[in-house]
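To begin, one chain is listed below as structure tokens, in the form predicted alone.
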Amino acid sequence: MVIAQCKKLIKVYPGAQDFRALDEVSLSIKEGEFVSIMGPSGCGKSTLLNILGLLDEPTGGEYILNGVPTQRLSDARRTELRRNEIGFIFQSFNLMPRLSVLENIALPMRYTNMPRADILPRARELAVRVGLEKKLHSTPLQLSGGQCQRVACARSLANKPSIILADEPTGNLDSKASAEILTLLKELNDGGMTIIMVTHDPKIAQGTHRIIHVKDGKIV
């Protein structure tokens, strides 16, 4: 089953000279795939990831997420679809510094209809899943970079998404922590999770099922 499909996506940033960040990009991601996107800085890979994550809209073309055409959706429907279908992992972790590990993982669930009594037990279960059962009450400032990214991985799973989008998830980590995060992502993928990852590291990309190379806004 195809879970994410792009048909001739175009993204133009207007200016004195319009910049075409994406130039008729077409691709399909199947359920259960672990795909990496690679390319030089400014090639359009982050723009593509933002459109896949419904954080940005294309200028032209079509994006279908889990069977839902996303063009012409209302802002409220896009927000709902993003919250329910997509988990995000960012290079800079994007954790709330004053919240504990448990509270950071629980945060996305607090914006859903999940019963309040179920939120912390699920957050605890996800913390255990990523190996942080002994750090539940620590804050991000008390954690290593690798541990912070584990929190981010757990948080991305909070609302049981269909797909995880990871933007340079090892970019701020040393080689040992990078390998650990890649292993964790592989374990999530082995459990059936679809993952799309932007990375600049060929060694990290080689650990995925498929590598998509982007250059000058095109898939090459």
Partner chain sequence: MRLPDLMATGWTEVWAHKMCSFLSFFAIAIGIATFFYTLSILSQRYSRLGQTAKVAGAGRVETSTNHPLSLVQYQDLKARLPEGSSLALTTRNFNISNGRWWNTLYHRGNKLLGGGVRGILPSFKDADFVYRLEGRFINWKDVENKHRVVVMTVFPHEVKKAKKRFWWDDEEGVQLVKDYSAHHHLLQQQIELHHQTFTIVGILHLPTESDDVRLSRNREDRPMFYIPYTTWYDLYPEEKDTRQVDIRVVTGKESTAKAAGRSLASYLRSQFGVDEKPEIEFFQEKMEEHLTQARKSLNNMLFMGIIAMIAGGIGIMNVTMAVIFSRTKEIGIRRAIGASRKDILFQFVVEAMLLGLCGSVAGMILGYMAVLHLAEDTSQMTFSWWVVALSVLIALVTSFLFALYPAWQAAKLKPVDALKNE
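Since the model is a prediction, treat every value here as computed from it, not as a measurement. Residue numbers count along the first chain shown, from 1.
Omitted here: the form predicted together with the partner chain. The next part is about that form.
Query - Ile10, Ser28 and Val35 all contacting the partner chain in the model of the complex, non-hydrogen atom within 4.5 Å - result: Not a single listed residue reaches the partner chain in the model of the complex, so no.
Report task. Examine Arg83 and determine whether its closest non-hydrogen atom to the partner chain in the model of the complex is within 4.5 angstroms. Result -> Contact check for Arg83: yes, within 4.5 Å of the partner chain in the model of the complex.
Query raised in the report: Could you tell me if Leu55 has a non-hydrogen atom within 4.5 Å of the partner chain in the model of the complex?
Result: Flag for Leu55 set to yes.
Query raised in the report: Does Thr79 make contact with the partner chain in the model of the complex, using a 4.5 Å heavy atom cut-off?
Result: Result yes; Thr79 sits at the interface with the partner chain in the model of the complex.
Query raised in the report: Within a 4.5 Å heavy atom cut-off, is Asn50 in contact with the partner chain in the model of the complex?
Result: Close contact exists here: in the model of the complex, Asn50 approaches the partner chain to within 4.5 Å, heavy atoms only.
Requested in this report: Only one of Leu120, Leu136, Met114, Leu73 comes within 4.5 Å of the partner chain in the model of the complex by heavy atoms, so just point that one out.
Outcome: It is Met114.
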